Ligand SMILES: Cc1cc2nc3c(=O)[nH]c(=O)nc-3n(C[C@H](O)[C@H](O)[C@H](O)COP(=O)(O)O)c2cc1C
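Have a look below at one chain only, the form predicted alone, in structure tokens format.
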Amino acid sequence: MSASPAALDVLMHRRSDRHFADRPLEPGVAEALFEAFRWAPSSNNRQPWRLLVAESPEAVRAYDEALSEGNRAWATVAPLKLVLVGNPSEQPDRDGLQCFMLDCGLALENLLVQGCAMGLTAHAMVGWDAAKVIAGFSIPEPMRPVALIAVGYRGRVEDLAPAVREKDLRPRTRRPIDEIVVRDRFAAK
């Protein structure tokens, strides 16, 4: 069975842009993203993820203050601010591997692809302060923040600061397949 051209198309055109329109999401948009997130695969169907939505002024402030300086320059405009939280106790480590992280990544990708298919900008970030996220959202042990996600309608790239604008205007590239696919084993160097 081959991949649907529509599915491949959305994957090839998905971007992690940083320009957001300064307007709220229409009713039902966030729920569609949450539904896509919910239907991600997970090992033994354990679903060790939670999606925290920053809605109140206090939660939005906690989200914005936890961002790195670089992300704060653009992500604060996004109308939907999410914290992906994983629960390692719901998907225990195996042979030293943090299995819950793979499951959380799969759920995140579902959300990002759904956002792209809906014409949204959805940008996952690793530039944030974990201690501030845990304290600001009262995340209980053993749960751990995995990613912060900014979502909204596309804005004008011209409204970004020059250094950020440059990032969004770069062509989206990927390594060639023959550089990333290894057959049988890695060659000795």
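The model shown is predicted, which means the values in this text are computed figures rather than measured ones. Throughout, we count residues from 1 along the sequence that is shown.
A second form of this protein, the form predicted in complex with the named molecule, is not displayed here; the remarks below concern that form.
Q: Verify the flagged residues 23, 78 and 110 against the named molecule in the model of the complex: is each one within 4.5 Å by a non-hydrogen atom?
A: The answer is no: none of the three residues contacts the partner (heavy atom, 4.5 Å cut-off).
Q: Mind telling me which stretch in 56-64, 43-51, 30-38, 118-126 gets its heavy atoms within 4.5 Å of the named molecule in the model of the complex?
A: Contact criterion met by 118-126 only.
Q: Taking 4.5 angstroms as the cut-off for heavy atoms, does residue 71 touch the named molecule in the model of the complex?
A: Yes, residue 71 sits close enough to the named molecule in the model of the complex that at least one of its heavy atoms falls within 4.5 Å.
Q: Answer with yes or no whether residue 15 is in contact with the named molecule in the model of the complex, where contact means some heavy atom within 4.5 Å.
A: Because a heavy atom of residue 15 falls inside 4.5 Å of the named molecule in the model of the complex, the answer is yes.
Q: Under a 4.5 Å heavy atom criterion, is residue 174 part of the interface with the named molecule in the model of the complex?
A: Close contact exists here: in the model of the complex, residue 174 approaches the named molecule to within 4.5 Å, heavy atoms only.
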